[in-house]
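In the block that follows, a single chain appears as structure tokens, in the form predicted alone.
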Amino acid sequence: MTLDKFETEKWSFEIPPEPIADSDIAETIESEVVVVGGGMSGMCCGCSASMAGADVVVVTASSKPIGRGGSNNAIGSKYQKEMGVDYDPQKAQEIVKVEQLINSFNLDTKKWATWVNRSAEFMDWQIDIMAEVGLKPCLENAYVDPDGITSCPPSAHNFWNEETPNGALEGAPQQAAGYASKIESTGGTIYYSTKALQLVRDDDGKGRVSAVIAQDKDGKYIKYVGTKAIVLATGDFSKDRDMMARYSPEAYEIFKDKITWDNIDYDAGLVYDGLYPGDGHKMALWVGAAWQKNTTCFCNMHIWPTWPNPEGLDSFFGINMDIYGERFMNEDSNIAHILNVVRHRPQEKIFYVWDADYANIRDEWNLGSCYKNVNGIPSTPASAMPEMWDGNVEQGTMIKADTIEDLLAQWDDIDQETAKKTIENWNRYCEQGYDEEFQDVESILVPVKTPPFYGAKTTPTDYTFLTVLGGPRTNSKLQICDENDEPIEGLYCVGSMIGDFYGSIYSFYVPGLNLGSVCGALPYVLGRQLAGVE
């Protein structure tokens, strides 16, 4: 569609369904706070409100508490202090400012202030709740930028137990279940496998949003009345083709042939091709919500197992080449930023090569990304890394050879002669300690000379956890607003659908920002406000 058609024609998601008749509603359930969505943000908000004394109901299309990942950023928690990390909101200002600058300040900085100022309180509260269900905190490693520009101290927290020691990758579902347990123990009720369909806005669609109508697994329509608030927490819209084409066209063009659009799984966890169909976004639009003011954020959540990165967020600090066999960037980057560079290369392919000595860039490789390794995942000694790479060679995700020529010959989609010259130049830069092309810092100039040699390649859509962040216009109190920026009374949202928290990129410069802020500190604060304790 052209821009003119945006203004004159409606997309499928903009057309509301026929209202569900009162006569079709089998049951009405009333509560002070009704939360729609059983993920991290919804369960957190419901837990906060319930613990603060509110009557809470959670309605979720999932069959269980859900979540993905597990890193939760916080500034100055009691666990950071216990681990000797000196970090507070004042010390975080440079990091926060750089993160906002990455997004050209095209975001709601007032919401960010809530996260910065309340994140330690939220994390301390969460640590206590998770302890009740046997989950221990883990602080993830700092991200150390060799240039020193985007370094970040240990600030991403995750939660683990012996059954799921990798909290950074698997902790979120456990956290959501911990919140759910606390909701129920404090008198709240959770209705699983119950999909919200429509909001009820009083006074012929001009008044307060007073209820949400949902359908349970038996097909019954149930009206959930919220006397204080309806809180939408339904995740993203990456599984709705029209919403992606309209509001996230860049991500749509990249993933349109990869996403299985009609396969909606409300229990989705570690999936790679999109998550949810924007149920909450649509319901908000149908009752008069405006869309956020900036572009939605394409979250480049990459797990690229084919490169040898010693920490979870690191890029491959070695030679990167395109299909022409040429370098194209300063390799000092992280897993989010490098994708944007790769997307500008022909066929969006990246090739990287290294040798057996690359393992020695660290004495130990901390593949679990845990600060001081308190979660039971041991560091991997450098001497063990070639054996791990050999396993990837057997699986077909890496290649191996005794000469550079034989290595490159295994790729028919790279200019092998130019690539050989590029590697020769790279080795010269390593010897002289200066990168004449892209000014890589000396500490990451690792020569490719010692056989056996290894290689791998990937594209931006390989191993990508696609999430699109943003949605209805949302003020700093998390009230959903109309086109005049006026709050729609009774209607709130939390989590990935909060409008205007993000700019154009989820940068990973602040690791664990999403779960720590829009899915954590902000819903925690909202829950307390709805309960009337602040």
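Treat the numbers as computed from the prediction; the structure is a model and nothing was measured. One-based numbering along the sequence shown.
Keep in mind the form predicted together with a small molecule is missing from the figure; the text below concerns it.
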| item | value |
| --- | --- |
| Option touching the small molecule, based on a heavy atom within 4.5 Å in the model of the complex, out of 114, 292, 141, 71 | 71 |
| 210, 150, 77, 194 - the one with a heavy atom within 4.5 Å of the small molecule in the model of the complex | 194 |
| Complete contact of 39, 233 and 466 with the small molecule in the model of the complex (any heavy atom, 4.5 Å) | yes |
| Contact flag, residue 279 vs the small molecule in the model of the complex, heavy atom cut 4.5 Å | yes |
| Distance check, residue 272 to the small molecule in the model of the complex, heavy atom within 4.5 Å | yes |
| Residue 522 within 4.5 Å of the small molecule in the model of the complex, heavy atoms | no |
| Touches the small molecule in the model of the complex: residue 56 (any heavy atom, 4.5 Å) | no |
| Heavy atom contact within 4.5 Å of the small molecule in the model of the complex, the stretch among 471 to 479, 45 to 53, 484 to 492, 29 to 37 | 29 to 37 |
